[in-house]
Every structure is written in structure tokens, then in C-alpha cells.
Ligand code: URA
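Take a look at this one chain, the form predicted on its own, written out in C-alpha cells.
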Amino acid sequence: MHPVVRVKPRVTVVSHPMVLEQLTLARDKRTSQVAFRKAIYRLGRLMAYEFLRTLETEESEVETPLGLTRGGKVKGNDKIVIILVLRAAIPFVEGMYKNFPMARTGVISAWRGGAPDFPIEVTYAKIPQIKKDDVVVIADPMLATGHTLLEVARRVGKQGKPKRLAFFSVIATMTGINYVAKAFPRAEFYTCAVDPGLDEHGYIVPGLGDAGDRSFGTPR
């Protein structure tokens, strides 16, 4: 028998002081709908800024009003594909666009059923073709059990295999990260916090509640 190879997930917890401040605001149950949505927007912008550190840069020459100097620019910003998971990720991704202005975008509406199986129902999916030099970012504020993001990643994979695959969340659990990483061992995980666990309904504890409801209101 071949030995079981266990892959340690590649997790980056973005710990900038402004991230901590906005995450604290988002967690607070007293935060209004508008303020919550703005906090998620800012967290998306800050996480994209952090992710840019991992992209290559190239030097260039630039002429200022007083002379020549060396400059540079990010390589690959035009190769980013964002996959937006409705509806919670809307403000999250809107913030990302500030640092990923040339990103192509896919949209998926995925609904997670109840415990213990957590079946995933996808009601809408529009995903662009994925090229081998693309960097795919799948964005969903809450990486809880991992069932939703695993299904989304599988659907993205049908459109092509990217150079890199990253999952962006505001809050994650190691349960969810490990569940996704088992199927996508080379994936990268970016989050603002890794919370200790899940309740019996599969919600992150302490978390911040339902990100979609808190951004847009509870549907009837």
C-alpha cells in the first residue's frame, strides 16, 4: 500500500491593523446594515492589496518633469479571474476591484442545504474560460464547512486549469479549509481570521452571522 500523503493547507491570515478594525466592526451585532456592507467592502480591498504582494513586478523607466528614474508595475493583474459567490460576496468583490481593476469575473449562485450532508444547489453560473496563466480567486466571506466553495471550485475547474487558485474569505474554519484543500491541495487560502468551530447548523462560531443577510437584509 502507498502511504497517505497529507498536505498542509497554504493559509495566509491577513493581520493588518485596518483589517482587524474592519473585522471587529463586521463582527459586532450592533453594526448597521450599511456599516457592515462597507466593512466587508474594505476587507475585500485590503485582502486584494495583500495578495498583490505575491504577484511579480517588472521594472520600467519613467520620465518625471525633472528627469528619468526607474519605476515598476505589477505583472499579471490582467490575468486575475474573480469568481463571485452570490449574494454575500458582492460587497467583498466590489472592494477587490479597487486593486484588481482588470479582473474578469464569474458569478455563481450557490445555496447550501442543512446538516449533516450540506447539499449544494447551484441555481445560476456564468464562468469565463480559464486559461493556463490565469490566477483564479474564489470569493465568499464565510468559509464554514467548505461544501459551497468545493462545489464552486469544481465548476470553475470545468472551464480550465489556472496557474493559481486562491480562496478569499473574511472568516474561515480549519474544518472548511481542510475539506476544500483535500480536493485542491495546491490551492491558497486568504482570510482575516480562522475561528474555532461550527455550530450544529454549520455556521461559524463566533463568526459574524449570515454575511448576506447582514449586507442586504433578511429575505422573506
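This one's a predicted model, so the numbers in the text were calculated from it and none came from an experiment. Residue positions are given as counts along the sequence shown, with the first one as 1.
One more form of this protein should be noted, the form predicted in complex with this ligand, which is absent from this view; the next part is about it.
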In the predicted complex, the residue from M96, A89, M142, I80 with a non-hydrogen atom within 4.5 Å of this ligand is M142
Within 4.5 Å of this ligand in the predicted complex, heavy atom basis, the matching stretch of 142-150, 100-108, 125-133, 72-80 is 142-150
Partner proximity in the predicted complex: E21 to this ligand, non-hydrogen atom cutoff 4.5 Å: no
Check whether G202 has any heavy atom within 4.5 Å of a heavy atom of this ligand in the predicted complex, and answer yes or no. yes
